[in-house]
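Okay, here we've got a single chain as structure tokens, the form predicted alone, with questions on binding and movement later.
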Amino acid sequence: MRLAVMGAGAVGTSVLELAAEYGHRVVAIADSSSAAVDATGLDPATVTERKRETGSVGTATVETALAAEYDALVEATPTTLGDAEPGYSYVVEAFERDRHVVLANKGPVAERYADVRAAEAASDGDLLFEATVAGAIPTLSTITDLGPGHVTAVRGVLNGTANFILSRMAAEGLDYEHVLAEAQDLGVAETDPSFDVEGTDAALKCVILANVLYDREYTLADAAVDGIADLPGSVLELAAEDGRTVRLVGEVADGEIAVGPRLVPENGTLAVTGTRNIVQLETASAGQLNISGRGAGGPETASAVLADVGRLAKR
């Protein structure tokens, strides 16, 4: 398939670099202010080198990338709240051209789900968004295969930054500020980590899960969210004395969404360490299913994007 990639961060550039391995070609890629377009397929090395040297992926405009001849739009711009722009407008434009859309950006399906589904319904294009929940972990495709009506609840550890911090606090007896600084030095946490440590990122993923499970529109405003920034190290010490630990857990059940620090068994399935994520699906017929892996990262998330592209190609 011919792909147009909106967003040239870690995920967008990874899609550009990996697309050929999956049998597809990227004919356009755009960052916030420029684009590179080639109907025969872009050379990843040329684009990434130019981006590194000049700060721009090319000399074309973003509008030129949107107007390119492609089969599927890959929306990988940063997640924004509220109006979910500019990603939402890119999605609508692709659907108006009867193109498929694959999302890595959580905003459109976490904040404007009904609008996106309406645009899809009016189009010959289809929407897939595996990469918006837990990176490389095949969460949404598993729910689709099982049938959303057969999944009674979903819970999990859905943010690698928060999990790294809690894991280190528990293992080394360190305080939050010390581990956060370490995570920032390692590139695990952003300079402004609030999106992760306040629980917003995990909550957005849970909102998307709720939208899929219940086929109605939830937004971030519908989630009860607590983060880990105010969690004292003494809580983890007390938990360890009782054979437990603390993880930032998101849960969707009975039409409700909640994210916050939870006590879990120290050796239980939810006590994943480092930046790993885990998703638990409670099902009506198959019991509990656990899926674990890397929940973030450029190549990891790009693999989920390209898996969706492959599904669309088979259609």
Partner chain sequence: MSEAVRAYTVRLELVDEPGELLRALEPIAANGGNLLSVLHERGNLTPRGRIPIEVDLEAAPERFDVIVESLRDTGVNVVQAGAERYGEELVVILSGHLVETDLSETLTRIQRPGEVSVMDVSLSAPSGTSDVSSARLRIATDSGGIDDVLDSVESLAEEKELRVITPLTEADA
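What you see is a predicted model; the values in this text were computed from it and never measured. Numbering follows the first chain given and starts at 1.
Below: the form predicted together with its partner chain, not depicted.
Of the listed positions (47, 37, 246, 272), a single one reaches within 4.5 angstroms of its partner chain by any non-hydrogen atom in the model of the complex, namely 246.
With the partner omitted here, the residue from 92, 174, 136, 229 that has a non-hydrogen atom within 4.5 angstroms of its partner chain in the model of the complex is 229. The closest non-hydrogen atom of residue 56 lies beyond 4.5 Å of its partner chain in the model of the complex. Taking non-hydrogen atoms only, residue 32 never approaches its partner chain to within 4.5 angstroms in the model of the complex. Contact between residue 238 and its partner chain in the model of the complex is found at the 4.5 Å heavy atom cutoff. Proximity of residue 112 to its partner chain in the model of the complex: non-hydrogen atoms within 4.5 Å are absent; the residue sits far from the partner. The stretch among 23-31, 264-272, 37-45, 58-66 whose residues place heavy atoms within 4.5 Å of its partner chain in the model of the complex is 264-272. For a residue to qualify, one of its non-hydrogen atoms must sit within 4.5 Å of its partner chain in the model of the complex; none of 79, 106 and 201 qualifies. Scanning 282-315 for heavy atoms within 4.5 Å of its partner chain in the model of the complex gives 282, 288 in sequence order.
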